[in-house]
Every structure is written in C-alpha cells, then in structure tokens.
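Two versions of one and the same chain are coming, encoded as structure tokens; call them structure 1 and structure 2.
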Structure 1
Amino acid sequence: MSNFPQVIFALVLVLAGFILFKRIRFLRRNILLGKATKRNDEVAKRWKTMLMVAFGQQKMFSKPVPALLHALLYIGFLVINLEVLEFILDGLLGTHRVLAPYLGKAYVVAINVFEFLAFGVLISCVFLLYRRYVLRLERFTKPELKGWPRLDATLILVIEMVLMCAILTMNAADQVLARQAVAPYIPLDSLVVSSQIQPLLQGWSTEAVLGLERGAWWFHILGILGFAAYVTYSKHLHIFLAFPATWYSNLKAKGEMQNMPEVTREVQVMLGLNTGQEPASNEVGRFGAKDINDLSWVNLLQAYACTECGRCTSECPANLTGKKLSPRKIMMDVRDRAEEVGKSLDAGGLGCEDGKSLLGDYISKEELNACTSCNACVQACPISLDPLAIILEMRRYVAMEESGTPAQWNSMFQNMETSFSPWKFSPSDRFNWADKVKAEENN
C-alpha cells in the first residue's frame, strides 16, 4: 500500500498547526495591546472559580434549557475529541483503529459513548437552531447580531452537525465493511447508534462503501482541523478562552470600581497631603479609555472570550427599555477594534494611530451614558465577563480628557465641587434634618 495518504495527512496536519500557531500568536499579541494589570492574587480562589464557572458551567444553570443543550455540546466536544487522537495516529501511521486491539472491550464501549454523544450533539444543535431561527429568542435578534455574527453562529452549529453525521456515517460504513471481511476493518459488536444507519447502505457495492468510509474519515478529520482554525476567527473562541477569562475574572465585590493611583497622587498634592511618594511621573498616560490600548489586557481577553450569547443584553435595564446600550455589543466592539488594530499592525500600518478609535467609531457616548452600572450584565454572563468595567473606563476618558459629559452631569460636578453634594444645597444646611427629630419627645 502506498503511503501517499500518510504524507498528505502529515502535510495537512502541519498546515493546520501552522495556521493555528500564527493565529494564536496574532490573538495573543492583540490581547497584550491592552495595558498591563496584575490579577494573580488569591490563586486558589481563581482555580476554584475557573473549575466551577468554566469547567463546571455553574452560571449556565440559571437557565436550565439552554444549560442542558449546551452541556450536551460541551461534553460531546470534550469526549469525542479523544477520538481525534486515534484519527491522528491512524492518519500518520497508515493504520486503522489503531487503539482497538489494545483496548479490547473498552474500545467498543468508548466508541458507543462517542456515538451517543454525537447523537446528543446533533439533537442539541437542532434545538439550538430552532431557538435561534424558529422561536427567534429576542437576544438572538438584536441589531448587533446582524451579518457576520449571525452567520458565524449558524456556521458553528451546522459544522458541528455535519461533523457528527460524518462520524456516524463513517462508523456505519466501517462495520458494513468489517462484516464483509474487508481488510483492515475489524468488527466491533453492536455500535448502537450507527447500526441504525447501516440499512441505508444495503445494496451498495463494497467499493462504494469503502469510498464512503474513507470519504467520511477524511471529511471528519479535515473538518475538525478546519474547525480548529475557524474557531480562532470566530466567537467560538470561548471554548478555550472561557478558562483564562474566568481565572482572571474579578473576585472583588462587583460594586467596587478600580482605583486610579495616578489620580490619587495628584489629589494628594492638591490637598497638600505629603505622602512621601514620588510625584506623578511625566509619563501619566491617558485618563480612562479611548481605544483598546487604554483598556487592560484582561478587558481584551474577555472581549475575545465573549460568545455573543446575549444574556447580558437581555438583562440590561437600559437595553430592556429601548436604549441604545447593549453590553454584548460593547464586548463585540472591543474585540472587533482589537482585530482591526492587529491587522493594521501586521500590515505595517498605524495600529491604534489609524485615526479611528473605540470611542466614537465603535461605541458612542449615548451608549456609555445609558448605563446604570447595575451589574446585571456581569451577573448574567455565564463566564463573568465584565462589560461594565469597559463602560466605566470609557466614561473616565470622556469626563477627564474630553470634558464631554452631559450638561446635567457637569452641573452635578459643579454642585459637588462647591457644596459637597450632587444637589445645589448649602453645606451649612446639611444637618438641618435633625432639628425636627431633636425637638420630638422620646417617650
């Protein structure tokens, strides 16, 4: 037998590896365009959070139906990919089901498990497509999902279905050939799911079944490798990035806004407080965030980890009442801008200095100004991504670098500066409320 297929397989594998490597390097560089920030405190708690939220999908279960459908896909993905290992070995060695002799009965059990999971994935994809296109759940029909995001979501589900069909077809054909004692096919007793397909192959010539089996095998493994590369261009990146995203998620109280030490230094100087600290260096960058390089790399990592499920947007009080803000769009905008900047840099372009910016070209002030900072988006996100942190950083830029806050906020600032209250009351009247109660008898 010629080892031509093995050479082709090895070449394909190297090509896929090369594309993945380049793409991962691109994503890593883009994420690191963000500002440095340290988030490696409480290591034990971080591992636990990752284990519970990403691996254990804890937060998904607040919505049981999609949680179940997603769990089927997720378990299917994790387990069926074990079989890819054998695919790769077979492809490189020119063997067929190389692990079967070593595993004996366990192999048959494993293949059956894979088949059941493949069937589960198929069913799950059908329901997920049904929810998206027939039930048309509101969070899947929002404006930010038009165009590529919508196609992306559909492609992922369809590719998964096609891949699962390929694996089941392959097994069915494989067993038909085994029963006809065609080498190197080996009979595996009762593959429950794929045996249901076998009757469809009745009357097919051995050559045709052989062609089908090889075709399905190649289709499946090429599909898997292609999908792996595709994922890096897709919202589907969450299958990997959910893990670091949860590890680096915010463990503090959600209400806490991150302090700006560079402002603290200036405030202390203004108030004449000698802290013994070095005066602010001349390299104080921008206050707040105008573009992606003003955000932290954790913000950017989170943007790439977003799978556009829209749970944030469907819980957002501003979005619910028809305002322009959608927390999902904030995450998508950050990612899209990071992609744009990354591509520009790779092409020898100006990157962030291309005359565009996240604020203005992607996210408008109207969107930022609609946020009530209620944390519903952060709470709703199955992997605890934080659109609010991005919104608040951008508000800081608008307020401190552009003085572009709405007039009513400017009045509020003025009141606070002059009378230490957001309302225009005299500070000397602050304690007047007590007059009434001090005059009341306490029996």
Structure 2
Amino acid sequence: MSNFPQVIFALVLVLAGFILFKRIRFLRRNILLGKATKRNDEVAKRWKTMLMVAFGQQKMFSKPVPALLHALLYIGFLVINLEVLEFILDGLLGTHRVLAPYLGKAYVVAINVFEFLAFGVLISCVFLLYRRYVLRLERFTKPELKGWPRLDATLILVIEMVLMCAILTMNAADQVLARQAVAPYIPLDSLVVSSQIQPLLQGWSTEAVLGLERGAWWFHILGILGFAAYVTYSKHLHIFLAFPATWYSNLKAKGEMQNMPEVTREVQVMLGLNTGQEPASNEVGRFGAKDINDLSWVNLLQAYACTECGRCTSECPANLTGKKLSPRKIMMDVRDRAEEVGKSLDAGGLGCEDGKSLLGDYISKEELNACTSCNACVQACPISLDPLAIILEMRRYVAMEESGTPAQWNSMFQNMETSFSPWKFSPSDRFNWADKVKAEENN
C-alpha cells in the first residue's frame, strides 16, 4: 500500500497526457484544414522576430502598465513551472524535494525566487481583474466578449491565483513540519514569502499540518495538469501558439497586399508571360475565401493563437467610428468555425459541407466592407497576428465569386480597369493639373 500514492499519480499523469495528446491532434488537424502555403523565407529574420516579439514581449511595451503585469505572469509561468518537474519526480518516485540534496544552497535560492514570482503572479492577477471589472476598460466590454469569452478570461486569472496560493501554503506547512523534525521534511532556512503564512498554522496539530501540506501538494500538481488541459480549450492557448504564429507571421511591408496566385497565373498566361506554370486542370479554383478551408493554414494557426486582448479592435478606425467590424471578432469567428468543422468531422459529419460557412453564418459582409485595410490591427497585435489577411480573402470572394460588393465599389473597380485610377477620366489627362500649376508658375 506504500506505493499507492505513486500509482495514483502515475495514472493521473497518463490520463492528463492522453487528454493533451487528443486535443493537440484535434487542433493540428483543424489548422491543417486550411490551404497549403509556404512561409519559410528569411529564416534568420523569422527566428529573430519570434524571439523579440513572442519570447521578448517587445510589442507589449507600447503600454507599460499592462506590459509589466503581463511580464510578471509570463515570467512566473515559465520559471515556476520548472518546479513542476520536481513535483512530477516526487510523485513518481515517492520522494520529497528530490532535487534539494543535489542543489544545496542553490535550491533555497531557487525556491525563494519561485515564491517571489508566485506572489508577483498573485498581484498581477488582482490588478488584471481590477482592470476588467472595476475600471471596465472599453476593449473588455465589446459584444464579442459576452458569455464564455468573458468567463474564460476570468477563470484563467482565478485559477492562477488559487494555484499560487496552493504552492505558498504548501511551502509554509512544509517548513512547519521541518521544524518539528517530521520526516522526510527538511528545513530550507528562510522562505521569505511563505514564512508570512506560517504563524497562521500555530496551534495546529502535526497531523493537521501534514494533511494541509499533502492536500496543497496534490491540489497544486493536479491543478497544473488540469490547467494544461484546460488551456488547449481556452484563449490562453496563445501561451504555446504565440511562438509558431509569430515565426510564420507576414514579414513583408504592411502596405503590401499579397496577389492571388490564381489570378496572377491567368494574367501571365494572357500576356504570354507564363513560365511553364500552367494550371493542373482547366478548372479555376475558388477566388478568395468563403469558409475556413479557403483560408491558409497560417490564418487558422493565428486564429487559434489569438488571446482576445482586443488591442486590434481598440485601434481599428472602423470600430472606433461605430461600425460593426471588430478584428478580434474576426479571429474568434475563424477559430469557432474551425472548432465546429472539426467536431463535425470527428462525429462523422460533413465538415465544411454542413450547409454553413464562415461568410454569412459567422462574419457578415457589413463587417468586411467596413475595413479600411489600414493594418492598424496588425500593428497593434502583441504577437503580430493578421486579421486583415482574412478580411481581404473573404472580401475577394464576395467581389469575384458573388459580385456582391457595394455599387460604389463596382464603379471604382471599373474605372481602375479602364482608366487606371478610381476616377473616370482619361489616363492621358492625369497630369493636366501639373501642367496648369507649371503654367501659373511661369506667369
């Protein structure tokens, strides 16, 4: 029976691993529902961008206060989880603080660092909840955040606070037991943060303190494993996907729009500029995007990486002037549609052929038409996600497949086709104004 806790822990670990494996496989399949695209150019620049933007949080610091709070959470998440490795070893081996004898005084320093970061995470979570529910920043009150998205953001902060309290409580009880010479607990000199909790345990029996320590230990590690699984269903999936999403981000100049390969190929054939890249068949593919399978897999990856912070929407000129467009909602809609299609496929359903589509059932033409293509959303995003790329692909479908653009746009398109400008006058008259200015100067 002495090995019973280890067996239970091993079973829990295997169960958590299985859940994570299934969910990761589901996410990978959903992302690969998108069209193939190559984003492997400028490798050195991509690595630098990922390290600076995703790892270094470079773009977060345009707003120092939330950047500092996020940095505490981020660093705390990275560093404190190193201690989880020891938790797993202890759980499997039936030991207690298995690394302490090997690290000596460095172990005490490490635990103190973990505790300071845990306290920092607690403070950050309190302030972030204050910003959401007391200050009620406008970007946290938009319609797309009602219901589950709002609850999800709150749950993440509350769970992190509870987990940090658990680890500090565990350390406090651990040291009370060490002073009582209860095996196998060992004294760690002074733990600055958890030592403030120890007076609350005065008068407790040894059995009660032991129960508290073991309960906090199990609560923390089970909470960590449960949190890891929960994150894959949450907007906080960006913790992991921010890195590949940033690596595969668009490195071209913000004002450069990507041409449609299908159109480029057809124009090259018409002009006799084709270099042997004939289409595989006479059938022309769909222009633009109606559903997620018309978008690229990079678009879907970025949709899953969105943290719903709303910085894109808060900078969007269309949204600021009261129009329906919200770049954050665009990313959320793409992700929600991918989830719907994925679940349909897993259930033996029709997937993208279920009679619904991203255009119409999730994103309206009104939203697409409101976009000014200014790239403010891309610039504002902390991890350089690109809602504009999705909007442009969907708007191309509306224009080229449905001829559904506003009448004023059609007039502009026709003028550009015939007169090479949005205005209806002969190209030969384009510089008449300059001749007039020159004549006035000569006079």
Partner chain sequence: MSTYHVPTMAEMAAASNTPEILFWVGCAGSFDERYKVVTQAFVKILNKVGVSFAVLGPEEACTGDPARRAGNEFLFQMQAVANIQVMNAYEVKKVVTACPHCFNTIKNEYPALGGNYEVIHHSQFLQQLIHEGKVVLQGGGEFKGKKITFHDSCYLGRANEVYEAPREVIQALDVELVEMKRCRSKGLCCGAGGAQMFKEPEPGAKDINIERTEEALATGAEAIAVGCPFCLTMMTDGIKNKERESDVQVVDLAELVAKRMGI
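For clarity, a rigid core is taken as the largest C-alpha set superposing within 1.5 Å between two forms. All values derive from a computational prediction rather than experimental measurement. Numbers follow structure 1, counted from its first residue as 1.
Structure 2, not structure 1, is the form predicted alone.
Remark: with the core as the superposition reference, the CA shift of residue 14 between structure 1 and structure 2 stays below 2 Å. With the core held fixed, residue 41 shows a CA shift below 2 Å between structure 1 and structure 2. For residue 57, the Cα coordinates differ by under 2 angstroms between structure 1 and structure 2 after the core has been superposed. Once the core is aligned between structure 1 and structure 2, the alpha carbon position of residue 423 differs by 2.5 Å; this is the C-alpha shift at that site.
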